[in-house]
Structure formats: C-alpha cells, structure tokens
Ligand code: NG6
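A lone chain, given as structure tokens: the form predicted alone.
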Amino acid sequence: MNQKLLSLLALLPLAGRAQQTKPNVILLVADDLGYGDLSCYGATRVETPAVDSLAASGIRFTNMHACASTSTPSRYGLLTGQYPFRKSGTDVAAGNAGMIIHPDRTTVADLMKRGGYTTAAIGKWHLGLGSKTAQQDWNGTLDQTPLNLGFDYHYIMAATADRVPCVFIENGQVANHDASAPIEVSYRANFPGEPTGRTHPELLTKLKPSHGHDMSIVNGISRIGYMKGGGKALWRDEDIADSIMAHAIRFINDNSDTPFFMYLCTNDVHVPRMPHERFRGKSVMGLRGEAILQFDQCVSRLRQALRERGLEENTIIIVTSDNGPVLDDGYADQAIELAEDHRPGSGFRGGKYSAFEAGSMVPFIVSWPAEIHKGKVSDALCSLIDVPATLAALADVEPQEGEAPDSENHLATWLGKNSKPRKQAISLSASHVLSLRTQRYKYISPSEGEAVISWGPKIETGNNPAPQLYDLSQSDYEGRNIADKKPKTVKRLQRRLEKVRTKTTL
C-alpha cells in the first residue's frame, strides 16, 4: 500500500475501515449543468432536493474547474489526466469521429481496474468510436470502444443527443440493432430522399432549431449530421434518462459483491431538452428546468438502488458537470425567456464555450456516508484533471511514468481531510484560449477572435488581444481587467502557463 494512502487512512475512523477495504465509486457527470443550476448552489427557480441531500451530508466545493468549457476536451482531460490542449483532435467531436483517446493512453478506468475495481461507462460518451473517422461499422462490431480503455462494460451514446447516430452502443454494438433498417451515418452529405429539418420543417413535431441543428430528423427533432436507418434501435429522447439509469442500476445490481467504478454521464441538461413526460409542466423554466428536475431524480434513483443493495454507506458519489451552462444552444425551447432571474452560471461571467469563469466553474459534490459524516463546504481550488490520480490513490494504485501526466493526487482535499488548494487550474476555451486560475487570480492569455459568439448563443468568449488579469478576491470578480496595474503578476502567471503548456508528456 503506498505511503500517501496509508497516511490518509490513518485519519479515517477505525470502525469504517473494519467494515470495508475499498469503497465503490460513482463519478456522475452532468452535461452543461451550470454552477447555479442546483439549489444547493443558490438556485431559487428550481429545486434539486436529491443533489442538495448529497451536499448536506458530504462536501460541496465552490472552486472546481473543468479542463475545458466544452464537452469533448473536458471529458478527455477528466478521463486521461492529460490536458486536452496537448492532444490534437479534442475539439467538439462529430458523431462519427474515430476514438479520440488512443488505446495506449491510460485512463482512470485502467487505473481503477488495476486496483481491483470492475468498471463501466454508461451514458454520454462524445469521445469517438472506432479506429477511423467515418468508417465505423454501425451494423456490426466497432473495432475500438471503451472496452479498449479500461472499461469492462459500456452502454453509451456515440456523441450527444443533438448529433447522429441517435442510438446507444452496448459493448461495441448498437443496442437493439434492427437488421431491417441498417444504419448509415455521414457528416458530409445527406442520403438521397431523407428529410431534414431544413427541407421538411413540418416534420419537426417536438422541437425546432434556433440555429443549426437542422439536418436529419429523429423523433420529431432535427440534429447535427445525417443518418438513415436505425429502426427499433433509435432512441426516444423522452426515454434517454430512463435508459441510462436502468443500465446503471443493472450494473450496480450485477456487481454488488465487488468494488466497482462507474463513469455515469447523463444527457441532461444538454440540448435537445426533451425530458420524460412525467416532468412536463413541473418547472416554471420549461424544458430546461424539467431537465434539471430529471437529473435530480436520477440522483435519487441512484441512491435508492445503492440503499436497496446495502451499498450506500460505502459508495462514493461524485456529482459534477463537464463544463458551464448555456441557454440557447440550438433549439427553440424558450430557455432564455423562461429563465427570468435564474442565473445558470451563478453570476459568473461567460458560459459554455467561454474562457471566463462560467465556462469552466462547475458544481462538485463528494458524498461518502461511511467516512464523510457532516456537510462541509470547501473553497479550495480544484480541477477535474485530477480525477485519475486522485481516484488511483483511493484504489491504492500508483500511476506509472507517463500515465495521467497532468493529474495530481488531491484525495485528502476531496475527502475533506484538509483544505489544501491546487497550485493552479488550467482550462481551455472553445476558441483554444488557455486560462490559468490560482486561488486569488485568473489570467487569460491574449487571443484574436470575436468577443461574443456570433453563430449562436450570445456568450462572451473571453477573447482579447491583450492579456487579462482578474483579482477574484474583489467584489467585481472578473469585472475589471487589472493586467496593466499588476505587470509582475501577469508575467509570473504567463511564465507558469507557458511552463505547463510546453511541458513534454508521454
């Protein structure tokens, strides 16, 4: 057993250790869920009692940062412990992208397996499938999947709900594959005779696009990309959350006698927002509010499944999001109009895609009833890049040279044993701008490009040809660029960022 884990265990109650050697771990990652979308983080127009209950009995972090302000690069960093800016091809992936994480790259699942855990990836994936882009055999067995990345089992969406193919993949094959309706996918051109949202808007019976998202139609909703076939394998958006949770609960039931690690990713609250009918009319914020309620119910169902198996006490549940929030992200679902005074980014500047705080600041809650006995709040600077090294320490595994190269072990902080912050947190915006956070300051590197997104959501990008420095200890937070007043601080943080950026990793 490594010395760091021995030291940590010395701090833990003896009674808890006598009952169990290793806890189960569920890493629950929401999609586009903002820091201000949960009532335990200040939301008032929507209530999230299940998440709030986890926070009340565990630790709620107020300074956790995603690796990027969009999904694919954020998830790449979270799973591999390598900053996504080091890897080409980590921009938001098409649904027919080849697998972005190479099988030779160690993931958190590899590390947990090494520690004796059974592993699963369930829900949203969005990191590519197959060895070659646009050459997948959607009607056979995919040649590269999460099975090649340390996961023993997977039931995943190829990309996101707004991108084709609109089917689940289970252990390398399309779930419920319908041989009578073979699947074809293209991100170049439509298939002859297939209707699209652009050509046949009358077929959009559930949602209409606000910008983009006007290609192939599935379930009365047009998507990004072109697809034909699918038949019985096509998902119904209203059932996505239930399908994900059914397979998550089945995995729990099938592995209740052995330590397990589950990477569980909801589609909520990503577009197209079309939660199950039982949530319809339950939120004053319309479909986006209903999607938040659906996410909260998923947390409740997860805890109930653990309770029924007697696993709740010794299961760590981590709740977080892949990046910051966005209201209008391509569908006319009235998210902006119905939000009123709801602030999904909790007052932080920017949002999804942005280099400003709301792009990367995400909720982060850690619950472990056997060891964390009282609700706590931590302001320690943290980063999701540390998932692999931190969970490896929990599993009593030491990453080898080149594994999770940018990830650090912050297990003591995550379990509330201390409040030690990360020295710095680095995030990547959609326009490839790097920002560096310390506990007090935020530095955003100079960049060209538009100041506000012009192609869709009206979100500040953070682009600025001049360096930006913000003193986050002040009441105006990111409201006043003080780079010209603190040139020494700017240079110091520039050097820090450049040192990390140019660091050679395997």
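Only a predicted model underlies this, so the values are computations on that prediction, with no experimental measurement involved. Throughout, we count residues from 1 along the sequence that is shown.
The protein also exists as the form predicted in complex with the ligand; that form is not presented, and the subsequent description refers to it.
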property: Triplet D37, I292 and H342 all within 4.5 Å of the ligand in the model of the complex via a heavy atom; result: no
property: In the model of the complex, K124 touching the ligand (heavy atom, 4.5 Å); result: yes
property: Heavy atom of G212 within 4.5 Å of the ligand in the model of the complex; result: yes
property: In the model of the complex, C166 touching the ligand (heavy atom, 4.5 Å); result: no
property: is_contact(R288, the ligand) in the model of the complex, heavy atom dist at most 4.5 Å; result: no
property: Heavy atom within 4.5 Å of the ligand in the model of the complex - residue from V92, L204, L147, A246; result: V92
property: Of E460, D31, D52, E478, the one that lies within 4.5 Å of the ligand in the model of the complex (heavy atoms); result: D31
property: Proximity to the ligand in the model of the complex (heavy atom, within 4.5 Å), stretch among 108-116, 356-364, 315-323, 414-422; result: 315-323
property: In the model of the complex, residues of 403-422 near the ligand [heavy atom within 4.5 Å]; result: none
